[in-house]
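Have a look below at one chain only, the form predicted on its own, in structure tokens format.
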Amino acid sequence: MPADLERIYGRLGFGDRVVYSNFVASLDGVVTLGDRPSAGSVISGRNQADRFLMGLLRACADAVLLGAGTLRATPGHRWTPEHIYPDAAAGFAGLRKKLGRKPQPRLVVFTRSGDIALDHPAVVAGATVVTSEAGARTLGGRLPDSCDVIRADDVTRAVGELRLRGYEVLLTEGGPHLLGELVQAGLLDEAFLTISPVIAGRDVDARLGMVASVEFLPDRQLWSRLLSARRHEDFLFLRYGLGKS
């Protein structure tokens, strides 16, 4: 990494082909706040160290993978390194150049139905939409010229097609349903998890944990390995390697 980025975070690197996730969770394991937008910012309190890490992980990636719900819940957002942490824009750009990456990671949006916010600025700027045949028909010719479509019925085929297109290092920032599909398919290699000291609580609205729509324990045990643990004030920044069994 460029020295200015390494001074802040320490050493960081990935293999040539990897899928990794990044989430922030409350102390009690909540990563979403129902239908409320910008849940991550609320849970993290816009913590600057967490935002720096988000930018750094985006800067390492060929593409950023999102579910359509995450896109809708974050109006106006751009999934680029400098959008989340502009103070390190020059360092992020230098890192991407050293890694041989394109100037920005490609945004990849997953939607089976084809129901996405076509006027979202991140879509207008350019995105790859992964959808079903029915979803592709729903989208028709309405996508901006900056966008393209992958027709895939499952996440394994989608990731395979992305790699055929040259996207080898893949970051997902959610939501929990997409992450659940990646874990279920054995595609997730690493998980970055920021533990915020806030307590979110749960009542009647849906407040999901990091993985949703799939269930593993007790029948299937997916143990992970702690690769690193960092602390900034009251926040913990954890990195795990996932087993495949």
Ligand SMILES: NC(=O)c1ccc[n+]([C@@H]2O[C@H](COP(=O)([O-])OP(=O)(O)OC[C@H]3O[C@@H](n4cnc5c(N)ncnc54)[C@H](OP(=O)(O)O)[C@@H]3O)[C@@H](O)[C@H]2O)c1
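Quick caveat, the model's predicted, so the values are computed rather than measured. Start at 1 with the first residue shown and count on from there.
There is another form of this protein, the form predicted in complex with the ligand, and it is not shown here; the text below is about that form.
- No residue of the trio Gly29, Ser196 and Phe237 has any heavy atom within 4.5 Å of the ligand in the predicted bound form.
- Although the partner is absent here, Gly175 is a contact residue: one of its heavy atoms lies within 4.5 angstroms of the ligand in the predicted bound form.
- Of the heavy atoms in Leu170, none are within 4.5 Å of the ligand in the predicted bound form.
- For Gly45, no non-hydrogen atom is located within 4.5 Å of the ligand in the predicted bound form, even though that partner is not displayed.
- Mapping the unseen interface onto this chain, Glu190 falls outside it, with no heavy atom inside 4.5 Å of the ligand in the predicted bound form.
- A single residue from the set Arg101, Arg165, Arg72, Arg78 has any heavy atom within 4.5 angstroms of the ligand in the predicted bound form; that residue is Arg72.
- Of the candidate stretches 197-205, 216-224, 56-64, 178-186, only 178-186 contains residues with a heavy atom within 4.5 Å of the ligand in the predicted bound form.
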